[in-house]
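Okay, so here's just one chain, in structure tokens, the form predicted alone.
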């Protein structure tokens, strides 16, 4: 068998029409405004437990969602709100789950880290670092077994990239040529530790070399670059060639979670990324430069998004909490006699 090699690519983005670009802009802005409001609700004590915000990484979820087909699955870790919104989950039910309400996506029982909606192909956020990689590989195994043409998109971060079960999954996926795209959201910091301090190989797209899995490095701050890389990777997996790794180079502006003061990096570092690489600003500049939208149109989109998020926050604040009896439901699966 010819050995597959990791590749580093910077293929220019394919053309996108006005409607697609405006949809990307609106979706990324919805995630940004939603996460900003979630941070406020957390500070008010309305969201308990852990809460990991996706601010800065919006282009990845939106760009990859654009190439999904019906039947494809998405599974990720605990920084999951952006993936839910990109998949089409109602912002009301996502925010209500954050506040532990009965109308939430998981009935108020999952909270920030454990929401599911298989109707839109979202198989959850998962709190155990790297565990979703094995679960997502299992989804790909089911696709392979059914021969249904579906692809599993399995997300994990640069910190999870050093977990052992990730490599066990890589081995099985390549051995059986499973239809899976592994998406590494490399936001440069695993909790408070930079990738340079934690990883002997910092080019994570190369992590599949010893398993014969090809990889590609992608600008995760450019939604069109993400979309195009996703198209290539999905075709690779869907055509029977097995798994592929996409390393999305991105950056999170907030701490690892809401309880993280972020003292391991400087304000200057964060501001420099915001000023030069922000995915929403980048797309806004393109829309304006190409004459596809003016300032008034973009402000109208922002106003509409803010209205949606404000409605979601009010709904999440006022809708009822689960009945106490719900403690005893959804604990076991009732098997057929």
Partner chain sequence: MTDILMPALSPTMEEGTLAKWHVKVGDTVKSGDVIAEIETDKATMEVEAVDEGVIEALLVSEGTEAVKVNVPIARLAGEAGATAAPPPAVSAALPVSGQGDAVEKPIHLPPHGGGGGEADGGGPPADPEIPAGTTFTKTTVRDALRDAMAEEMRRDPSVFLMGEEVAQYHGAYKVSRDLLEEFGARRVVDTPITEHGFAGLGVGAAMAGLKPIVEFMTFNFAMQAIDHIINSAAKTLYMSGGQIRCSIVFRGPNGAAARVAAQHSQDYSSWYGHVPGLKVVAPYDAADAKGLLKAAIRDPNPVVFLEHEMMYGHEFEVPDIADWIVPIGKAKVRRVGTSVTLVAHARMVGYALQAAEELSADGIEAEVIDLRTLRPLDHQTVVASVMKTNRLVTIEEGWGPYGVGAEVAARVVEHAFDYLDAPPTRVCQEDVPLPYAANLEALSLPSVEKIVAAAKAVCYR
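Numbering follows the first chain given and starts at 1. If you're wondering where the values come from, they're calculated on a predicted model, not measured in any experiment.
The form predicted in complex with the partner chain exists for this protein as well; it is not shown, and the discussion that follows is about that form.
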Go through 153-161, 79-87, 212-220, 100-108 and give me the stretch that gets within 4.5 Å of the partner chain in the model of the complex, heavy atoms only.
-> 100-108
The partner chain in the model of the complex: contacted by all of 193, 288 and 298, heavy atom 4.5 Å | no
Classify residue 323 as contacting or not contacting the partner chain in the model of the complex by the rule of any non-hydrogen atom within 4.5 angstroms, answering yes or no.
-> yes
Though only this chain appears here, would residue 117 touch the partner chain in the model of the complex if you measure heavy atom gaps against 4.5 Å?
-> yes
Partner proximity in the model of the complex: residue 239 to the partner chain, non-hydrogen atom cutoff 4.5 Å = no
Hey, in the model of the complex, is residue 36 touching the partner chain, heavy atoms inside 4.5 Å?
-> yes
Among the candidate residues 280, 67, 46, 273, which is the single one with a non-hydrogen atom no more than 4.5 Å from the partner chain in the model of the complex?
-> 46
Sequence order please: the residues of 136-158 with a heavy atom within 4.5 Å of the partner chain in the model of the complex.
-> 137, 138, 139, 141, 142, 144, 145, 146, 147
